[in-house]
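Here you get one chain, nothing else, as structure tokens; it is the form predicted on its own.
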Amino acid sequence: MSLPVLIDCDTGIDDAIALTYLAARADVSISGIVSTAGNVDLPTVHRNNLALSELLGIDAPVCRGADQPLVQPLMTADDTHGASGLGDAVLPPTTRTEDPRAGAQLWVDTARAHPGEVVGLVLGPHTNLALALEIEPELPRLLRRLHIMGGAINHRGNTGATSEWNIAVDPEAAQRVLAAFTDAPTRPVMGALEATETVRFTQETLDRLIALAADTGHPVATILVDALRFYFAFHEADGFGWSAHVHDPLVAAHAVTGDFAATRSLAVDVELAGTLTRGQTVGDELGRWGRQPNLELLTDVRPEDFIEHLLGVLEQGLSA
């Protein structure tokens, strides 16, 4: 039987790779896609999700989620992902229509329809899930498990000095989600920057994808290549060389395989008030809060094994 996965994302170059990876796996059933504002504004994210779902043959509802964070104004990352969210890639027109439900309602409906079965995967800000918890506070017990790409624990940030993008876009939403899932039967898994930044695409990785696009002619392979070229250029301008940190696919792969990283338990909260540290995920390494751990953090990543696995799944899935 295939594993049902509900994806909430702000697509986004690495989100697009994660979506493609999940769609390419025969043992995964995508239950739905929720668009959220983040890397780019909501209409752009939603168009990306509709177009990619059509090109990838994803037969699942695609819902429009929140267009603003709960409290603060939206910030976007056009410099990182391009104005379209997909770098220099050009998406073809899509005939795919959206599901009319709000993204938060899709979370609720999907979890209620399949209690204890659905894996929730948040690859962007937590806004929609926070809103869904207002509708259905039992979501932490209705989902099979929640997997999050976000945060930075004892690691520099990639947005503020200590904050990671997905958390920093909507810190209040992330804080509410972590608090709500404290009593979940199975702790959520967080792939924070110290784990995901070990996954670094190089020119060799890009060459494999260029060859895949040439060999298969699959439009999504070409889209990923054009998107990644932009992403590489951004990282080079940001001082990381001609390469790219590819965050979301590692979290997606661990969510469906349990492989490529270990985990460790930790009590984690989100800083909301700091003038320099707002949006930081703070881990209580010494137990000063007197709280039980509420997260499992990815650690001891095997990046080379993961990248080879990812490329193998894409090669097989996009060639089918």
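Because the structure is predicted, anything quoted here is derived from the model rather than measured. From 1 onward, residues are counted along the sequence shown.
The next section is about a form of this same protein that is not shown, the form predicted together with a small molecule.
For the chain shown alone, Leu193 is a contact residue for the small molecule in the predicted bound form, at least one non-hydrogen atom being within 4.5 angstroms. Of the heavy atoms in Thr127, none are within 4.5 Å of the small molecule in the predicted bound form. Though the partner is left out of this view, Trp165 does reach within 4.5 Å of the small molecule in the predicted bound form, counting heavy atoms only.
When contacts are judged by a 4.5 Å heavy atom cut-off, Gln105 does not count as touching the small molecule in the predicted bound form.
The putative spot formed by Leu250, Thr263 and Leu297 is not touched by the small molecule in the predicted bound form; no residue has a non-hydrogen atom within 4.5 angstroms of it. Contact with the small molecule in the predicted bound form, judged as any non-hydrogen atom within 4.5 angstroms, is confined among 109 to 117, 136 to 144, 165 to 173, 90 to 98 to 165 to 173. Just one of Asn48, Thr281, Asn39, Ser35 comes within 4.5 Å of the small molecule in the predicted bound form, counting any heavy atom, and that one is Asn39. Among Met149, Leu86, Ala132, Val199, the residue placing a heavy atom within 4.5 Å of the small molecule in the predicted bound form is Met149.
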